[in-house]
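To begin, one chain is listed below as structure tokens, in the form predicted on its own.
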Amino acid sequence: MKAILVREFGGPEVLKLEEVPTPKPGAGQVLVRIHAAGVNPYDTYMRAGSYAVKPQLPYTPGSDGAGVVEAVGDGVKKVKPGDRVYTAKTVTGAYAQYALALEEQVHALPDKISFGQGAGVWVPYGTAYHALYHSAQAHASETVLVHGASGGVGSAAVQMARAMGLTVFGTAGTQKGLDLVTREGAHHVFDHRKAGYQEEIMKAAGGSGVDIILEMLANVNLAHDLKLLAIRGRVIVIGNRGEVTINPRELMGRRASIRAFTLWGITPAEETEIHSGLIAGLENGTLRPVVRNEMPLAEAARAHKEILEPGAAGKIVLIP
């Protein structure tokens, strides 16, 4: 089979399409014929060797994939050959024609969800769910600001928060992104390239601030975020690419908080809840992964460049 291999940490050019043996499932394992693999920012950090999780070389990137079960190992009862599934982590990597996964890493993909959309489920929607439900403990009638709302996690959060009954504010950096955020359910959208957009947010919030901020780029926005919070507001740090200086007094006066997490640190109980919620939302149409671009697997290097460029408007997926 064909798969992307990383034999040394470095830039996008280290992503090489190679011919490798097709794996066979052992006990408790599932072999998935990958129809689409999702590209996430963390994939680029891992490839560069700068991520907290550093895989043993060589490795095939990708935790998020969607496809059809090809074969199962002994003891597998959750799925059978022919089932449509999405993956949430894998054993051998999703940037490939076939991926080996543990039984608990594959989940039913509703018929109405395409494979391209299915490749955009786990990291984006799992992150949004954990941020809103577990970390922020959001509830209906609150106001949430999604910074970077046109990206994979951002659009997932907009859809989810709208369905939960929150008032949703979203930012984006292009007209295409702003249109997407509006289409996916935001009540108010703001161009974060525009000087003074924070004042527009405060005005839209009635001057009292927002209850929750989902922050995708904390090193740029966090200090400003604290000035936008309402009393007992909370910032949930989802993404960050460097150091930032903040004034804790902005938190003290508001009795506010900054919370942060990585999806890899969630508990098994939280993960079980997340998948139950996501599958229900995918089935009833509340959750609708937005695919921005489908690229051939051989163009993984280009995908890794584009995923970090400003102006995100949906998910990038690779097609083996």
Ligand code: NAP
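Everything numeric in this text was worked out from a predicted model, so none of it was measured. Note that residue numbering follows the sequence shown and begins at 1.
From this point on, the text means the form predicted in complex with the ligand, which you will not see here.
Trainee: Given a 4.5 Å cut-off on heavy atoms, tell me which of 140 to 148, 74 to 82, 200 to 208, 106 to 114 is the interface stretch with the ligand in the model of the complex.
Mentor: Among the candidates, contact is made by 140 to 148.
Trainee: Flag this candidate site as yes only if V123, G152 and G239 all have a heavy atom within 4.5 Å of the ligand in the model of the complex; otherwise mark no.
Mentor: All of them do, each having a heavy atom within 4.5 Å of the partner.
Trainee: Which of these residues, P296, P23, P12, P310, gets a heavy atom within 4.5 Å of the ligand in the model of the complex?
Mentor: Selected option: P310.
Trainee: May I ask you to state whether L217 is within 4.5 Å of the ligand in the model of the complex, using heavy atom distances?
Mentor: L217 belongs to the contact set for the ligand.
Trainee: Taking any heavy atom pair closer than or equal to 4.5 Å as contact, tell me whether G281 reaches the ligand in the model of the complex.
Mentor: Contact with the ligand, no.
Trainee: Taking heavy atoms and a 4.5 Å cut-off, does Y59 contact the ligand in the model of the complex?
Mentor: Contact check for Y59: no, nothing within 4.5 Å of the ligand in the model of the complex.
Trainee: Can you tell me whether A161 touches the ligand? I mean in the model of the complex, with a 4.5 angstroms heavy atom cut-off.
Mentor: Output for A161 is no: heavy atoms all beyond 4.5 Å of the ligand.
Trainee: For the heavy atom contacts within 4.5 Å of the ligand in the model of the complex, list the residues of 257 to 286 involved, in sequence order.
Mentor: The stretch touches the partner through F261, T262, L263.
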